[in-house]
Every structure is written in structure tokens, then in C-alpha cells.
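Next up: just one chain, as C-alpha cells, the form predicted on its own.
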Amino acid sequence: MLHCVMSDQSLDVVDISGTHQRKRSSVTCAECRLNKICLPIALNSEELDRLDDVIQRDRAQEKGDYLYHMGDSFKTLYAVRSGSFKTYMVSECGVEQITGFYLPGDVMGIDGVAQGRYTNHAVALEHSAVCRVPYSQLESLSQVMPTLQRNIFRIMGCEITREQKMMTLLGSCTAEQKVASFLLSLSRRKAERGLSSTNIHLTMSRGDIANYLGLTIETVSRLFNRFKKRNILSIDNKSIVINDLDILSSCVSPEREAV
């Protein structure tokens, strides 16, 4: 993927006689404030127009709505336009493991490319909106648009890197390092989107954070309180202010930041 309060200017859908029909979005890829971190990076105006022609901008997703389920046939990538999502897997034993949190500008569904089926569930954490990108059309476009192809490879590479960092974080870091790393990652990702790097609204629950980091809820809550007592954080329920990024960074090596 975090105070994901970006205005949803690009959502423009109507219902006529019970049939959902999509109008041309009021905000194109060229105009979107997220185009520097999403699929359209470095595309020229003509290429942006061609990409716009295949993108479907859906009605909003409400909290708890699913974009896709684990095992569904893979056909679409989803670029988050506003709000936030989480992805999770369910083991054969029925154990849930959160695999990622996605913010505006992030692309979900990459996990479905290899096997032709999604390997995760994807669910909205709040009122959110996405751009649906049919993968077959995106693949065809990328064959004649090298920059788009590079962007797709970049996104896939980032997903691999994220998974590798997460494995390192879970395998070799202390609980304090994990929580500090998680907060630093949210701070960095917000800064990349032109938002405050120190004011964070957690759309995920403490339980979600604990599950993602391989900790207990009690441990996460205890560490949040420890950071608060040290005046590293100010906490008001789900609203967090990082009072000192340098001290928080000293709690974990930068290369081990969670993503």
C-alpha cells in the first residue's frame, strides 16, 4: 500500500434500469495524482490515452468488500485509487495469514499471474476505489509499449522484493524491530504519495498488524505503549503521530523496513 483520505474524483458511475454502466472517468491516468507511482510511470500522452481505453473505473468498494478470493481465476489487476486493502491467505488448516496492505497507487493481483489463479483474498479496509485493468489487454498493450512493459516488470519486481524483505523481517528481527519497521514503512509510503510522513491513520486493526508481523495483539499494543511513553509516538486510538522519525529509525535497520 496510512491516512488514505484522497478524494475519489475519478469515480463516476451511474445505474440505469438496474444495470451498472460506466461513464468516462473525470480523472484520466494523465491527470491522476498517483500516476508517478502506478502503471502510467513515464508514459507519453498517446500511450496514456491507450492505457485509459482499457482501464475500468468501478463503483466504490465498502469496508469488508472483496475484490477477489483465493482460488478465483486470474483475469484482472487492480490499481488502488483511494482507500486501502489487505490481502491474506488461508492455509489448509484454516489459519489466516495477512500478506500485505495496499495503498493508493499500489497494484494488487500480481499473485495470480504465475498460476492463473489468485493465491490471496483481497478485501477493503475502508471505503475505497480501484481501477480494474484486464490483464490480457494490458499484456497486448505492453507488447507495443516498451515503457509499459518495463513498468509491469517493475511492479512484479517490487512485489518479489517486498516478500523477501518480509521473510527477513519475520525470521530475524525482534518484536520491537518489527513494529518500528512497520511504522517506518507506512511513513515512507505516505511520503511517496505526497502525504504527511508523520501523521498516520491506521485503517487496519491491531490484530491485523499482529498477524502480518507474526506477533500477538498484546505484544503490538505493549510496543505501541512503549513508544508512546518514550514520546516517539503520540497515539489516539487509530491515529498515530510519529514525533521523532530518527529515534524510531534507530530501533530498526533501514534495510529491514517492512513494505
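Just so it is clear, the structure is predicted and the values come from calculations on it, not from any experiment. Start at 1 and count along the sequence shown; that's the residue number.
Omitted from view is the form predicted in complex with a further copy of the same chain, to which the following refers.
For the residues Ser142, Ser82, Ser187, Thr76, the 4.5 Å heavy atom test against a further copy of the same chain in the model of the complex is passed only by Ser142. a further copy of the same chain is not shown here, but in the model of the complex it comes within 4.5 Å of a heavy atom of Glu159.
When contacts are judged by a 4.5 Å heavy atom cut-off, Glu176 does not count as touching a further copy of the same chain in the model of the complex. In the model of the complex, a further copy of the same chain sits beyond 4.5 Å of every heavy atom of Arg132.
Shown alone here, Asp72 lies farther than 4.5 Å from a further copy of the same chain in the model of the complex, counting heavy atoms only. Residues from 103 to 124 that approach a further copy of the same chain in the model of the complex with a non-hydrogen atom closer than or equal to 4.5 Å are Ile110, Asp111, Val113, Ala114, Gln115, Thr119, Asn120, in the order they occur in the chain.
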